[in-house]
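One chain comes next, on its own, written as structure tokens: the form predicted on its own.
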Amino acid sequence: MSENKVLFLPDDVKVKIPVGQTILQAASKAGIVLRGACGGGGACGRCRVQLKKGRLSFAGTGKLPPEESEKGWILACQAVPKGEVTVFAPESSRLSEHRVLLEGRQAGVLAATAEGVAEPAPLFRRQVVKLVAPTLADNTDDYGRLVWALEHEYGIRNVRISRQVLAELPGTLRESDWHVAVELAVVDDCLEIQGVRPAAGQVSVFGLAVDIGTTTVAVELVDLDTGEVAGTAGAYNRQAAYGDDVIARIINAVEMPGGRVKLQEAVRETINGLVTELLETRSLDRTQVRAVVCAGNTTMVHLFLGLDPTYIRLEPYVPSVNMPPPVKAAELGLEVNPEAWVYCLPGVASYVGGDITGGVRVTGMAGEKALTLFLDIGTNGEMVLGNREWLMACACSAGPAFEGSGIACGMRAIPGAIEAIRVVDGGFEVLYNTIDNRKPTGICGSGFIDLLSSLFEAGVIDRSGRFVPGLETPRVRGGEEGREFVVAWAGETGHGADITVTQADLQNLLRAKAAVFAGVRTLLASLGLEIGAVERVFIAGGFGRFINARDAITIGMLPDVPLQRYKYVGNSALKAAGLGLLSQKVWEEIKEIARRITNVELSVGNKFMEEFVSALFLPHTDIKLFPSTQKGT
């Protein structure tokens, strides 16, 4: 197969790619994740690199000013090398280190203890048995003797064995003097005997809990013998180069040549990179990883497994599968033991996936009396309402605003992002904090919630989210796209330019917050309930972890219930994957939760749109829904 070579500067990394592939695909292979929100269509203009040497062909010019093209700047997604080329990839075009929520569990922590898994039964485990040697009076076959020992000592009845393991069984039993460790993996409704080895000299075995997020991927390495966390790691999902949200990635997978394969490769490379990092740090061999449990939304699971996601986005929104069967790691190309089973947490519908069913299990709401609302807010806002009697779920498209996309100075939660903001009355002064206390370079989602709330309370914007006329502060000024507010002056920032929020940005943020609250209201209305009936609110996810609930109530994104009813549960998807890995009982509980949840399709009827339009004000057109925001309360 003919190949082209691409050298990336300043990394000095060279990769080979097949003829016809783009610079964007070469960057992914080199471990350089370039920014992108359009799925490789050239519309967003974020994957800018500069050609230093060589020749290219172009699928299109994309969104790039002529003066930049004259200086050698190109869009990586549109550029195809012709021979050997050298390109410079600037920091501004890269997805740099992201704040990946890993739960903060350090090595040595018992992963399951806090969740009440008193007696773990991992999806892969070893049981040591001492068999009675056969005699002329007892000449039971070797496999029957093994099965009897498992049932007699551990109550294990429903097992199966492969031909290969069975072929090696007679020799192993006799060489080990009938004292063996039996390797068992949960598959469907039985236990698969994956190996029978001498009981002496066993090495430790591990499992992986994986959260396949749209933006980031987090991996937890767990010792299956002790239940302890051996390490955690996280990184951007390399699929981000093909679009910011699930819809962009579905379109890319379905409409671009080889798109589904490319997206599967991208997430596989992300996971394999994290696994390699964890294993090399601890001097472990990949064959020691014997089980993998993944949590993700429905689209992420489809793309990871290489399934057709076409009909997820087309009415009536039907996924290929909600409860994927386990798959051998070798089939997926994961760099662990090739015989390891890979399990994906079950979902409910096209936009309510295993990350949500797992989150419900982590909160415990499915087994308790209190009426509970579970929220996972990101590009999509997924929510579950219910208790031990019933569970209902829905998903709404909040858009990428809270992920830093579609906003002039928006950015993801990386070092230098403004994450907390306070505006002094009248808008004369702004106080802010940045991630890692670096000079500000933009504003991330939690910062935008603070900003919207603070601008409103400071009298800079009105209830419709528009700038109040006649303000004397120099921070409100005319810009290229209308009026804007200066959050940080050029002299304060890390890139020497003002950080602003425009009128168009404010409207985007209003639409995002309105979608979330409209989803909550629609879910409640479908059951004839009011907001006050909600006794607890759990907020999950990386973005949710940093939301200021008070400010989110002020802008009308979250229900106005007492703050003590709110609780952050962090990366509940990763937690759930870890619990399922360590407990067959928890795994069955999550499957049962998925069966119990009733999905409410918000596109049916007019209720959601009515609620959405009503929520396009601060905090809402019906101020009685937010009594705590009224003056004097």
Partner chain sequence: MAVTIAKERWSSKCLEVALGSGPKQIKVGGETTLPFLHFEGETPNAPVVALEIFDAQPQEWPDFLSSVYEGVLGDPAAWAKKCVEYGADLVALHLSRTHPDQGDASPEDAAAVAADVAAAIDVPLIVLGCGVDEKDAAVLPEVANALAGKNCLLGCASQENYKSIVAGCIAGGHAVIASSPLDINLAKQLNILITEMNLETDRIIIDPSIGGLGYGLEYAYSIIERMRTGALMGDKMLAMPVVLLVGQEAWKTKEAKTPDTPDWGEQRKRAILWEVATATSLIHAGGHIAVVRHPESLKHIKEHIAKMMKPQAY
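For the two forms, the rigid core is made up of the largest set of C-alpha atoms that agree within 1.5 Å on superposition. For clarity, every value in this text was computed on a predicted model and none was experimentally measured. Residue numbers count along the first chain shown, from 1.
What comes next is about the form predicted in complex with the partner chain, which does not appear here.
K.L.:
Which among 458-466, 326-334, 169-177, 445-453 is in contact with the partner chain in the predicted complex, heavy atoms within 4.5 angstroms?
P.N.:
Stretch with heavy atoms near the partner: 458-466.
K.L.:
Should Val19 be classed as touching the partner chain in the predicted complex when contacts are defined as heavy atoms within 4.5 Å?
P.N.:
Residue-level check for Val19: no, no contact with the partner chain.
K.L.:
With the partner left out of view, is Leu616 within 4.5 angstroms of the partner chain in the predicted complex by any non-hydrogen atom?
P.N.:
Close contact exists here: in the predicted complex, Leu616 approaches the partner chain to within 4.5 Å, heavy atoms only.
K.L.:
Hey, in the predicted complex, is Asp11 touching the partner chain, heavy atoms inside 4.5 Å?
P.N.:
Although the partner chain is absent here, Asp11 would stay clear of it in the predicted complex, with no heavy atoms inside 4.5 Å.
K.L.:
State yes or no: after fitting on the rigid core, is the Cα displacement of Arg511 between this form and the one not shown at least 2 Å?
P.N.:
Passes the 2 Å threshold, so yes.
K.L.:
After superposition on the rigid core, does the Cα atom of Arg313 shift by at least 2 Å between this form and the one not shown?
P.N.:
False for Arg313: its C-alpha shift is below 2 Å.
K.L.:
Phe456: CA shift of at least 2 Å between this form and the one not shown after core fit?
P.N.:
Result for Phe456: yes, a 2 Å-plus shift.
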